[in-house]
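In structure tokens, the next block holds one chain alone, the form predicted alone.
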Amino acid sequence: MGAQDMAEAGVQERTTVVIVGTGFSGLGMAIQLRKAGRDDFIILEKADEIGGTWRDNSYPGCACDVQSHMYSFSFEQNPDWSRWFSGQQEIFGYLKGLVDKYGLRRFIRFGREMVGAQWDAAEGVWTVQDAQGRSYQGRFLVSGVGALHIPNIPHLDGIERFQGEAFHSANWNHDYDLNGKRVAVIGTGASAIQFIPQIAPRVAQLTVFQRTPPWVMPKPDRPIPGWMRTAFRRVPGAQRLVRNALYWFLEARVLGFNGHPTLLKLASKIAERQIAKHIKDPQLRAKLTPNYVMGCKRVLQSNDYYPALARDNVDVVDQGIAHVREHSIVDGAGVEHEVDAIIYGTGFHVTDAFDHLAVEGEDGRDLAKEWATHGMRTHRGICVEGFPNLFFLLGPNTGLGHNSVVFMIESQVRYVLDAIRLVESSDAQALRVRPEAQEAFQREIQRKLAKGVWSTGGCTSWYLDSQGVNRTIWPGFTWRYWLQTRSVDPSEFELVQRVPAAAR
């Protein structure tokens, strides 16, 4: 499509960089562009406020499971975190503060949900469409949408007959009064173990439908004392020292995830002791004890989950769900449980998160179809062969089970900035990753993943795609990823030169 065609198509804005999303990824990219003295970018945001995951997830008890001083940008440390593990409102406030500090609101286009994008090889631009049919054009497209933004709601047989209230934890209905209600929670993942303890004392009856029990470690959370926060503000380097100590402590956990038997056994014993401490009923204890290796699924942290399940008004059902009736759920054993409300704690679409986007690269290549057929394949989780000038932040195989993903995001943002600089300093039109470079990266990462607990631990998790391949986790130390992404290796890419207008 040429320039005249684009004009006729009604492109609303033209810029250099189009960023999608205003979570940590999108804001991190925008801040570094501003730090580089650039204002030639826009940010498309589907909602009417910034925040991504930390805007959407407002369920009771929502908090981070990485320490606050690591789950924040290294260049924007906050000395005033109230707890070692921050709650949703505090993290949301931190992000809004960054938007104000760096004057980002004027770059954000709210209510603009990206639904598709096409690469124009002749013009060397991406044209992005939103859900209302508006178009935006930029030389570079940066996806900061992340993986935890599309709620995964399983289909339950007969759910259309249900006459009570039903919602996903990421779309919490704060107007619905749970007090005195009979509530069913479906799922026992990271969100469910946070909100179950919050609602259990309020409801008349809580029925928790568990498919597979999670490994739950004690959460070392407590308020940060005032004297320490004062020290962080007044003593140069104090907070940096704490952050560095936390980083290396968390980094060491990767040894267990990569199959170190002693570390895994020790961690499992700690988790089992927590079950034994709070769950006295042997039948319930058996239900809650995993039969797979710790780390195969996401390891969770909580101090109040097991005490909540031990309450007299809480039942744990591990028989599955047969069907739903007007006012009840019938489990796989044929037992009927009367409920007024159903809350889905069933997580998000991860390995298929991009299936709904119509992203077309060179020669009309369809990203969703290629990933559905061959799996989510990228170079360093950032670039995709056949899709020039397209960059993913927190893309495939850059998620973590042991440390802070914000560290990964910062590494990727630096890499994307370097890629943009390389294109512009070379007076090229685009940057295209070489197929052999992407293939080499994929071979190496899948070789490492095959030996890790995610693949050998005896479970099925959302880390794996429909073919059973791990397309989610980075299988090693994050400092190694930092080294790999410090700068763009020109030998791994092809610079696409501009085509003179007369030759088009």
Ligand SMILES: Cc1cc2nc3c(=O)[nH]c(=O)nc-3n(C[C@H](O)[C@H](O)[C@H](O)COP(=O)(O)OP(=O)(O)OC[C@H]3O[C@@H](n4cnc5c(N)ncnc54)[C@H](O)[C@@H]3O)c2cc1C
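What you are looking at is a predicted structure, and each value in this text was computed from that prediction instead of being measured. All residue numbers are counted from 1 along the displayed sequence.
Form predicted in complex with the named molecule: not shown, discussed below.
Peer 1: With the partner absent here, would Arg211, Lys287 and Val299 each sit within 4.5 Å of the named molecule in the predicted complex, counting heavy atoms only?
Peer 2: No, none of Arg211, Lys287 and Val299 comes within 4.5 Å of the named molecule in the predicted complex.
Peer 1: Do Val20 and the named molecule share at least one heavy atom pair within 4.5 Å in the predicted complex?
Peer 2: Val20 belongs to the contact set for the named molecule.
Peer 1: With the cut-off set at 4.5 Å between non-hydrogen atoms, does Arg414 touch the named molecule in the predicted complex?
Peer 2: Arg414 lies outside the contact set for the named molecule.
Peer 1: Asn403 near the named molecule in the predicted complex, any heavy atom under 4.5 Å?
Peer 2: Answer yes; at least one heavy atom of Asn403 falls within 4.5 Å of the named molecule in the predicted complex.
Peer 1: Are any of the heavy atoms in Cys62 no more than 4.5 Å from a heavy atom of the named molecule in the predicted complex?
Peer 2: Close contact exists here: in the predicted complex, Cys62 approaches the named molecule to within 4.5 Å, heavy atoms only.
Peer 1: Quick one: from Met114, Val330, Ile275, Leu264, grab the residue that has a heavy atom within 4.5 Å of the named molecule in the predicted complex.
Peer 2: Spelling it out, the residue with a heavy atom inside the cut-off is Met114.
Peer 1: Between Tyr247, Phe162, Tyr102, Phe348, only one gets a heavy atom within 4.5 angstroms of the named molecule in the predicted complex; which residue is that?
Peer 2: That would be Phe348.
Peer 1: Can you say which of 433-441, 449-457, 38-46, 467-475 gets within 4.5 Å of the named molecule in the predicted complex, counting heavy atoms only?
Peer 2: Only one stretch qualifies here: 38-46.
Peer 1: Listed by sequence position, which residues of 382-402 have a non-hydrogen atom within 4.5 angstroms of the named molecule in the predicted complex?
Peer 2: Contacting residue: only Leu394.
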